[in-house]
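Shown here is one chain on its own, the form predicted alone, set out as structure tokens.
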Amino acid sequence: MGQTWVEECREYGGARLQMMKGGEGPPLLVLHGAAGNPAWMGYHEELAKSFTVYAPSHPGYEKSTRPDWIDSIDAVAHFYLGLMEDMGVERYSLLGFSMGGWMAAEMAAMSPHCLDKLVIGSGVGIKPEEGEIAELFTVAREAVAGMRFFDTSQVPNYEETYGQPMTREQADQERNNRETATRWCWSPYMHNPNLPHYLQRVSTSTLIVWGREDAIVPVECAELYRRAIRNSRVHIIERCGHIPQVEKPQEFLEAVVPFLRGE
């Protein structure tokens, strides 16, 4: 079978945006985490069987350019709301991972009428009450990589996808991605103190998905998101770390796809 998705370049808001797109059906915007856009993965492919999946690289990531005005998570959220309107997509579902989950939550608070369904996967954005969000920007990349998964033997094609030495181009891109995320998330670190208050106006049907053994964002944050969003529920994936869509993709999809379909 040939490639089932296309890569597009879109111009909006002073940015040139790299966008992967695939599938047919209701629109679904997928927002990646701070590490970068992982290209078209197995979970994208499965989601594209039911939805038209839009998977952009955030401004400043990969091939996307970042205008100076996009200087915070709040600004990125405004950017994506405007982008979807500019594309003529008036209503859509939203799925965000980690930093992308924070963006998704901000978008929902700003414009809840645009959203059909909301999925927050291992999202930063709300400060834990007991634990701490792990420090990612001042530690070695190897240490960060070790925190992403609970058990790498569970990750399909782990060595092929994550175990290969980085090329110089990939290393440069990783440094650039980290610089962009640091600019957006450094102070206050990885959260918006006002976000729980903003989310009180959100009634969008919401699924919050977390790995029980998340070593980056404490699982307690799933419950904090649930408290903040009144029409929400939590799905915990056992023996799983920060990236359930990669570490346990089948369990992740079994929870997310029926929810997005309204089943």
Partner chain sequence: MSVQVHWFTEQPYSFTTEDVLAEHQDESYFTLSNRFFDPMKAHQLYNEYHEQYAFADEVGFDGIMTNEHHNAWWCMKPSANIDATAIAKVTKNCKIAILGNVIPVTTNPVRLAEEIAMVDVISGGRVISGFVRGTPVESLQANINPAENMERFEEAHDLIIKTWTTDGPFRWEGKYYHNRIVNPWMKPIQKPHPPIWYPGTSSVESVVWAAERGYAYMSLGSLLDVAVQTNELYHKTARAAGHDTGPEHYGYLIRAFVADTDERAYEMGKHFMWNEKYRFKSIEEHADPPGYRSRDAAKIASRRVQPGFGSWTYDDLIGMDNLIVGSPDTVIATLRRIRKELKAGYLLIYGHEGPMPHKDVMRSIELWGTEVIPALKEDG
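Numbering follows the first chain given and starts at 1. The shown structure was predicted, so the numbers you read here are calculated from the model rather than taken from an experiment.
Below: the form predicted together with the partner chain, not depicted.
Contact with the partner chain in the predicted complex, judged as any non-hydrogen atom within 4.5 angstroms, is confined among 147-155, 77-85, 99-107, 176-184 to 176-184. Using a 4.5 angstroms limit between non-hydrogen atoms, T138 touches the partner chain in the predicted complex. In the predicted complex, D172 approaches the partner chain with a heavy atom inside 4.5 Å. Not displayed here, the partner chain is approached by R168 to within 4.5 Å at the level of heavy atoms in the predicted complex. At a distance threshold of 4.5 angstroms between non-hydrogen atoms, G60 is in contact with the partner chain in the predicted complex.
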